[in-house]
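In structure tokens, one chain follows: the form predicted on its own.
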Amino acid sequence: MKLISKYKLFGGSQETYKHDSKINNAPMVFSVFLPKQVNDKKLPVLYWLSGLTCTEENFVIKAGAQRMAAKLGIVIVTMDTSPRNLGIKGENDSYDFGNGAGFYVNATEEKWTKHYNMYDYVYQELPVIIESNFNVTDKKSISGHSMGGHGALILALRNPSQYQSVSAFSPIVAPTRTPWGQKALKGYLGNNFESWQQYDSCELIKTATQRIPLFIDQGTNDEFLEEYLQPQRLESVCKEFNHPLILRMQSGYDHSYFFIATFIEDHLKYHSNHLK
């Protein structure tokens, strides 16, 4: 790992690193907030997955999460949303596919499969790096926003015994039925709809054998609400299959980090209760 930056805040440290990812066969960047308590004991970890166009930096700068994380003694890890600028034809053609839009899947289409394996990067590779290099426990929770909310939900639903808790802001809950998801899933996975369903929260709930509770905040003034996010689909399938869900429709809030900053402390407290 190469240290890119390090800043002291709330008695702890915000650090950003670059490393060569074996799973993505490309350089990747992640950031980690280390509360001061990490100097005396191992702390649990919350993994944050960001949305389209974001890097590891957006949450760090805009969410205002470090103050509460320092108080609760939670390490927060954020990562870039894809490998970057690898010379793949089409990787920079649009904001919702390629660079900054890995969608937290393992690509199977030939052009993308070597480098775009964000599912395994978040689930397998990055936790090993964090647990090997920082004073943390193996207890972890996961959260995210928009595309990252989608990623957090599918990772927890597919691996409920590996995460203590999961939450999301404005997640894409049914990507097989929305424009963002359909574009990404077809591009990375081809036309095999069965493989698409493995990355769709609503579909995963139908076959879940463990019922990890879902905690979601969604703004009612979100410009992507009806066409791209469709939380009513998740609410309906959770009710049908008796899957525990807290869905808070927050009046007047949009899709921005102003929304996230308003309610991030609720999510951190929620995860802290499960991590400890």
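One rule holds for the numbers: they count along the sequence shown, beginning at 1. The structure displayed is predicted, hence computed values, not measured ones.
Just so it is clear, the following notes concern the form predicted together with a further copy of the same chain, a form of the same protein that is not shown.
Q: Against a further copy of the same chain in the model of the complex, would Ser251 count as a contact residue? Criterion: heavy atoms within 4.5 Å.
A: Yes, Ser251 is a contact residue.
Q: With heavy atoms only and a cut-off of 4.5 Å, decide whether Ala261 touches a further copy of the same chain in the model of the complex.
A: So Ala261 counts as contacting a further copy of the same chain.
Q: Answer yes if any heavy atom of Asp266 is within 4.5 Å of a heavy atom of a further copy of the same chain in the model of the complex; otherwise answer no.
A: No, Asp266 sits far enough from a further copy of the same chain in the model of the complex that none of its heavy atoms falls within 4.5 Å.
Q: Is Ser256 near a further copy of the same chain? Define near as a heavy atom within 4.5 Å, in the model of the complex.
A: Result yes; Ser256 sits at the interface with a further copy of the same chain in the model of the complex.
Q: Select from the listed residues Lys42, Arg233, Arg211, Arg67 the one whose heavy atoms reach within 4.5 Å of a further copy of the same chain in the model of the complex.
A: By the 4.5 Å criterion, the partner-contacting residue is Arg67.
Q: Just one of Val60, Leu52, Val38, Val237 has a heavy atom within 4.5 angstroms of a further copy of the same chain in the model of the complex, so which one?
A: Spelling it out, the residue with a heavy atom inside the cut-off is Val60.
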